[in-house]
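Below you'll find only one chain, the form predicted alone, shown as structure tokens.
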């Protein structure tokens, strides 16, 4: 609990997976003491990421899931068997000295365990309780369970992604979990600010599906004002500018296997510069000089640009286009972005931590820097129960013999 942006905050953390664990991860990076609570009976496997791929090497098991490691850096890890009376007493003691209790179980789970918001308030009247689930704690869908791709589909985002004339594509990954985590972080910080002014705690009810719907503003506005549905002839094409003001605007093949470049022209002058770079008669045709004409012939124009770009190295082409003032960038592979981009190194975006089981691993940094109280990630995710002695001993004040006895009795 040090002199950092959030060094005065202690979080009693039941979160897992991505949406919840990702939120408390951000807070830990800025100094919050996040005490992650896991079930010793189930070996922490409520969080399926604990032993799930990807893996660093050939080792497998409950401590080798890379996603778990990435989303729990900077946290303390303890185990409490909530089925036991003594375990519930320990949690009560921990809540009493915490500022925030966080979870992303299905709606009502923590309440059925005896630690819903009203029970938490009885323990500590200014506690901040944050629940994050697929559909929130109220409304007709509150009993539903969800994963990120489900929240994306129900929230309306999946419909907006894909290629014209094809089925909705979605993203094949729980990006909605990450987005939900950002909103959860925002909710926690807002509640902490409120408490600092008023002394009042509160319940922060979070719905990942509603977080998805909150991203639909332009699509909803276009339909309600203009009567244009998202899926109509030629739309959506997720590579193109949905507003129809930038043409060309897409992803084009370049030399080599599965190599691509993104190119956009914001106005006629940028198109003229691109046409000069291309140099072919079809590009300099006066019939493409104006936006309206390029928009009317966008399919043919994209095909022509794609044929032209296939003969060029993507890095060299991007550099030439940028030199002309044309927005262009290679479609980078993860390894290229992480290992070969000097800006990544300059930002310190991929710090290395020493994990008790995995050894040295790189993890996500934070894409923001504070000049006075910057983030720090120098502690790996905890192995199961790694900090039992510290939390129960140094923080809660139990003796070594008491802690050993709790372990023997299956309480921790």
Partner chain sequence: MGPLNGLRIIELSSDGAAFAGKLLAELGADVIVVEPPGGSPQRAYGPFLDDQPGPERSLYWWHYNTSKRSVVIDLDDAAPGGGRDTFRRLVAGADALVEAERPGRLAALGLDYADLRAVKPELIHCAITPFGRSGPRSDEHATDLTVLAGSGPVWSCGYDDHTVPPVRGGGNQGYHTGGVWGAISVLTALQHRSAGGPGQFIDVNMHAASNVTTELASYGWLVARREVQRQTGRHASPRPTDATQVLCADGRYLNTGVPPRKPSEFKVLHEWLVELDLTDEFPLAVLLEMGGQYEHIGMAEIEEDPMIGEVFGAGRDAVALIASRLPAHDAFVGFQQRGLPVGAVFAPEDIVHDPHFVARGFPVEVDHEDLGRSFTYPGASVRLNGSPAVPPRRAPHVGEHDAEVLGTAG
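Basically, rigid core = biggest C-alpha set you can superpose within 1.5 Å across the two forms. Computed from a prediction, not measured in an experiment: that's the story for all the values here. Residue numbers count along the first chain shown, from 1.
Although it is not shown, the form predicted together with the partner chain is what the next lines describe.
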Assert contact_stretch over 294-302, 82-90, 325-333, 108-116 against the partner chain in the predicted bound form, heavy atom within 4.5 Å, equals 325-333
Interface check vs the partner chain in the predicted bound form: of 262, 275, 95, 288, the one with a heavy atom inside 4.5 Å is 262
Answer key, the partner chain contact in the predicted bound form at 4.5 Å (heavy atoms) among 126, 341, 268, 316: the residue is 341
**Report entry** Contact flag, residue 281 vs the partner chain in the predicted bound form, heavy atom cut 4.5 Å
**Finding:** no
Would residue 210 count as touching the partner chain in the predicted bound form under a 4.5 Å heavy atom rule? yes
So in the predicted bound form, does residue 43 come within 4.5 Å of the partner chain, heavy atom to heavy atom? no
* With heavy atoms only and a cut-off of 4.5 Å, decide whether residue 354 touches the partner chain in the predicted bound form. => no
Contact check, 339-374 vs the partner chain in the predicted bound form, heavy atom within 4.5 Å, ordered by sequence, gives 339, 341, 342, 343, 344, 346, 347, 349, 350, 361, 362, 363, 364, 365, 366, 367, 368, 369, 370, 371, 372, 373
Q. Rigid core fitted, is the C-alpha displacement of residue 227 between the shown form and the other one 2 Å or more?
A. yes
